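Just one chain follows, in the form predicted alone, and it is written as structure tokens.
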């Protein structure tokens, strides 16, 4: 029977110092060596210092035992960010042929309290890789739990993407993205995940197959919330490296037009329209008339061509990047 990988369930009041534990009686603790004149000595708590001294002794001895495994759990409880302890724990787990599913349960408990700890997520990935595709759904459920608390937890998203690409679980991922965006359309992490799904999932046929429906979806999201930068970037990303198709799709210039008719100061609509003009868009009469009306509202742009006029408008609407738009104005074709 493989040994348990979890630590003792004793409460704080029942804690017994390592020096008084019979199973560690033969261990000679190894104190931390900071040199003869440490510049900034750390005032460790006595319990932390003693546990680390005993851990250090087993670590230097290279001991792979149940007591070593239990001691690593205790150290992790005191400092979950200690990379050396996690590394040693993996060596012990392998040597003991421990129950890795039980270990996953242990690390999940630690992760819930420390959801932004690099070492914990690295350990989870190591376990998931060894346990294989059977744990994919459980790992997705765990990241859902973490993301419900913090929708932009980088570690949870990174782990979720790794599980998808290595272990699977694509079947409901687009639905999950829909759910997140319904809850918060400004969730840029969900937009990023959506792009991963349509470009990497083996179930949807890739970007080319998904582009048409995704453009419709994104245009709807933009019209509902024109000031959401994520949806504008996602829309442009659907044509990454294919400017000819971006210009040819009338839905792109049309959404810019619809937004600008209601709010001519929308920086995202103006900047996308400027990109379209720069790469060859021939504006419709309606679009040209809208821009002309915007030009006439500002005497400084009344005689400017369309692209230059938009740059001038952006200088006023986006003052934080006024120098950028001044430079951009020098790069646009004057004949537009």
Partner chain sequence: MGEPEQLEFARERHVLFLEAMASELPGDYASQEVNHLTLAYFAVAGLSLLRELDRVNKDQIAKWILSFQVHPETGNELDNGQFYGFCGSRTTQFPSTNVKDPCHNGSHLASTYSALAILKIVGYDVANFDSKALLSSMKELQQPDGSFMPIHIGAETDLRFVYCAAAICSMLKDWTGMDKEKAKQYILSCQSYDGGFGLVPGSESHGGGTFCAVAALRLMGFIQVDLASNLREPASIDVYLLMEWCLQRQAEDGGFQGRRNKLSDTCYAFWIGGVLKIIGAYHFIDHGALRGFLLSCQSPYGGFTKLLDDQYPDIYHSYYGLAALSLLEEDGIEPLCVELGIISAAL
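We call the rigid core whatever largest set of C-alpha positions still superposes within 1.5 Å between the two forms. Only a predicted model underlies this, so the values are computations on that prediction, with no experimental measurement involved. Positions refer to the first chain, counted from 1.
There is another form of the same protein, the form predicted in complex with the partner chain; it is not shown, and what comes next is about it.
With the partner omitted here, the stretch from 169-177, 92-100, 75-83, 255-263 that lies within 4.5 Å of the partner chain by heavy atoms in the model of the complex is 75-83. Taking the partner from elsewhere, residue 56 is found to have a heavy atom lying within 4.5 Å of the partner chain in the model of the complex. Looking at residue 196, you'd find a heavy atom of it within 4.5 angstroms of the partner chain in the model of the complex. In the model of the complex, at least one heavy atom of residue 234 sits within 4.5 Å of the partner chain. In the model of the complex, at least one heavy atom of residue 321 sits within 4.5 Å of the partner chain.
A heavy atom within 4.5 Å of the partner chain in the model of the complex is found for exactly one of 200, 211, 138, 144: 200. For the options 134, 216, 129, 229, the one in contact with the partner chain in the model of the complex, meaning a heavy atom within 4.5 Å, is 229. Contacts between stretch 243-277 and the partner chain, counted in the model of the complex as any heavy atom lying within 4.5 Å, involve 268, 275, listed in sequence order.
Once both forms are overlaid on the rigid core, the distance between the two CA positions of residue 42 between this form and the one not shown is 2 angstroms or more.
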